[in-house]
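For this one, two forms of the same chain are given in structure tokens, first as structure 1 and then as structure 2.
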Structure 1
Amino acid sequence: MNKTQTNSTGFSLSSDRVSVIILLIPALIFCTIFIFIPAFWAIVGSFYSYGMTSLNDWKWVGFDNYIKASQDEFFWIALKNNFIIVFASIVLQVGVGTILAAILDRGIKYGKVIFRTIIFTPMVISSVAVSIIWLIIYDPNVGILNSILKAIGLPTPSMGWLGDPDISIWMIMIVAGWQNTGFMMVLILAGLQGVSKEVYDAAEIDGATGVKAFWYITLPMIRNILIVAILITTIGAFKVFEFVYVLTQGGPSNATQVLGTYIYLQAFNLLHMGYANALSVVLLIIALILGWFQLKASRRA
């Protein structure tokens, strides 16, 4: 039985609850200092006009920063690119991750741990390091990608893989997919391993095998896991920064500009901190709305 502690007011707490509270305090302090307080000041700062060199000279502008954002064509370009990245990330990372998980779960009998480790390894490398590696691979002069294509007689982009506005964002998606698909695979594989083998045996008797069994039995049974995977991918796609900043810095011609890099541009290059705060609040609201919809869908499952 749990012991209780009674304070001077007669209010008692179980020892388990006291332990939980004590363990949560460091996390709450950390979140308050590095998340809640900065978020609060970002919201407050979004109603002012000030720069990095005039932190003591805040000018109240009300909703002008938000009105400016609604009329800023580059903001809408960045937002559109974020939605493109969301869609591509879900298809590439969750889609390919699901296929790889299914292959590891039922398609490979030997060496599962080795293959799982190899596919997951990019996830433990920092995003900046991954971006630099792929920056070298994409390099039109010394990159291995161009060398391979030329060796087999295929054409290469005249403006380079990251210099062509029509394909640069998709090249970034390949980099992001290479790093993050392994994590989606491991997450979905955990769900697949929770599906009872007896379900597949019963389905096999009814003639549902292979792709048919995967489509009509496996996917519905791991629906909640897929929703969580999509939620994580969606939020990550809206927070994307490192890949774009290292590879293209939003170029060429804003073809890869996203909200993260545009906020950085406004805050630290153009020194429009108030406007950057407003853009950050917009990004926060979008993330909260998407998260709410995803969580509501998962509870309905």
Structure 2
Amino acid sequence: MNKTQTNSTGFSLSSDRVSVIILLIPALIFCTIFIFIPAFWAIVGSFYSYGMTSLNDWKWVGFDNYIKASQDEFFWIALKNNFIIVFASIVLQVGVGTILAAILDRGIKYGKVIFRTIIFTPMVISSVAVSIIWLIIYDPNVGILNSILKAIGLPTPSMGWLGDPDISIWMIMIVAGWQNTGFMMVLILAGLQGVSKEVYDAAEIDGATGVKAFWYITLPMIRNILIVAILITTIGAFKVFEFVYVLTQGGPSNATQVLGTYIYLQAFNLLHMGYANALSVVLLIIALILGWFQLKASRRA
């Protein structure tokens, strides 16, 4: 009796183990072949010099690629721009998204669905299409931005909106905000709708209404969602590629270069594969640090 039981448990366990492995393995194979092994080779390849046509003809150069990066002005500009985009996105997308969500949640009575639908719409349009639309808006000759400013008698930038290195990165942020703020709004709105009405009733009795109630009661209650929103935005800011590639190609004179576009430029235009790998490793390290924060945040949530 006892023996049969052990046998049957033993049998079901091993067949379970087989099916568990079969269920897990496809995900692991895909991620290993296309993410983890390439990540490993990016690290190895960063110590070599090789080109596109000599993908298998590697020359060991030690830390040369990293030394080159540390002396490469454009690498530092790209890194700085990624950080500018992180902070600007948190303010513009998460900040404005929170205000919009709060207004749609309790600030207005009419038109909630219409406003939400409109503001969320850019999310489903491809970033390439979005960027091309904004190219015509910013265009010095046919763009409506210049036309509007001229019509009301304001000056327009002489080098064009995207041609002036002092403002071009901010013009890119306006486009990024146009596309992503609605997403943040919807994410945060879902959190706000989880705050029960009783909480607000109780707050009202204590004299907290409107903005005050929002600041002292609502914000702390949606803290976890805000952390998730900030993390998604930060991770997204390091993935930025299309806006820069389409709007400015990293120019004028590399002023709007970001890590994504600079890696692409080094690898596929200049064919400095080893150097591109070293730049990738920098991005990889930042990404893994952010991933670690993500893990911490999800455990807390």
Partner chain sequence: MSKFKLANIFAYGFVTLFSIYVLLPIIVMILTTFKTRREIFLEPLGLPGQFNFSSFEKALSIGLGGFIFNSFLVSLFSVILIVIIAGMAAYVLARIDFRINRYVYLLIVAGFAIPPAAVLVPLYATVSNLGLLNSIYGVVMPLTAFGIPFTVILFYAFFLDFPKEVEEAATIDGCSKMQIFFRIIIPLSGPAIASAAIFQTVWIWNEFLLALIMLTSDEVKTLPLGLMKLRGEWSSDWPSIMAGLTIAILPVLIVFLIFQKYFVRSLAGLGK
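Rigid core (definition): largest C-alpha set, two forms, superposition within 1.5 Å. Just so we're clear, the structure is a prediction, and the values are computed from it rather than from any experiment. For numbering, take structure 1's sequence and count from 1.
The chain appears twice here, and it is structure 2 that represents the form predicted together with the partner chain. Superposition of the core reveals a Cα shift of less than 2 Å for I235 between structure 1 and structure 2. Structural comparison between structure 1 and structure 2 after rigid-core fitting shows the C-alpha of P26 displaced 5.2 Å.
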